[in-house]
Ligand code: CDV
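One chain follows as structure tokens, the form predicted alone.
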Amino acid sequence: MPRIVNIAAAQLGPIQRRDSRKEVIERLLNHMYNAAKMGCDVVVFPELALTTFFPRWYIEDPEELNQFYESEMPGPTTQPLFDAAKKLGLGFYLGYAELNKQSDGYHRYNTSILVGKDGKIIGKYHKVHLPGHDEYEPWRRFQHLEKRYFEAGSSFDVWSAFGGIFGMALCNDRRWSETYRVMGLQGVEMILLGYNTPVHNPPAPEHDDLSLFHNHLVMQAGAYQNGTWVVGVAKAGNEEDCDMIGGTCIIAPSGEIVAACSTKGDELAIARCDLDLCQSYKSTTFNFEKHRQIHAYGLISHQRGVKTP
């Protein structure tokens, strides 16, 4: 009996700074109801799906900054998502900015959660590979201050969910092979990954024309090399005068794109994903137990930067 998970990759068009949480939640709910009508099991939303991509601004006032974060999940404005999940029998992945109060003070994370069909949180992930910079750089047309506004996460965990093994990542994580491998070593069968990616890369504008190519390249490679499904979902379009790529897609363990969005607006891409397809890759070409040579990989975990001979 195949293990089938029907996935809806729920791309969002731009979210402007003036858009209220209520307006955004209505868009997410619309995706959920449409996905349920098409028999989906899980809806995957983008990174920072509740707000505009606020790291593009240098914000000094803590109160102004805090308006972009969620201090509880679910909270009063996000509870309808959890209610809909339970009502529809539909799981979801959601990216958002988290303000986490702990005994030593407040911590800020770029976060995603996986929610089950019962409306309860299965797992939480904190983004590990934070891109950008941590101080104001006036030469940029827009800032990318993730290193200022978030703390880096510490692990890539996986969870038993929806009849398989699921993992999570966020945006820049997709560019790093270690992201997929760490989850691959835990038997991951589907990685859910939301992103907000500008077309223009200020430090390397020569990459701009390759944005979509690189987006698909890394996710397809990660899927194939670890025998896993990968669901990459964008917040796309012109957001606060910043063009962001689309390219939302669902990738099979073969590395093939099996479904994709064709616009930069709110759109669903749907795929029937057989988790058992992972096994032909995990048990042959990428049989880690049989073929990995960990004695040769020491630098990966012990050295951060490049050291030339």
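A residue's number is simply how far along the shown sequence it sits, counting from 1. These figures come from a predicted structure and were not determined experimentally.
Beyond what is shown, the protein has a form predicted together with this ligand; the following relates to that form.
The candidate site formed by K127, P131 and C171 is fully in contact with this ligand in the model of the complex, as each residue has a non-hydrogen atom within 4.5 angstroms of it. Contact annotation: of the candidates H216, R181, H144, K86, the single residue with a non-hydrogen atom within 4.5 angstroms of this ligand in the model of the complex is H144. Checked against this ligand in the model of the complex, the residues R175, R148, K117, R108 give one hit for a heavy atom within 4.5 Å, which is R175. Stretch 191-199 is the contacting one of 68-76, 191-199, 224-232, 158-166, since its residues have non-hydrogen atoms within 4.5 Å of this ligand in the model of the complex. In the model of the complex, this ligand sits beyond 4.5 Å of every heavy atom of F45. Of the residues in 240-263, none comes within 4.5 Å of this ligand in the model of the complex through any heavy atom.
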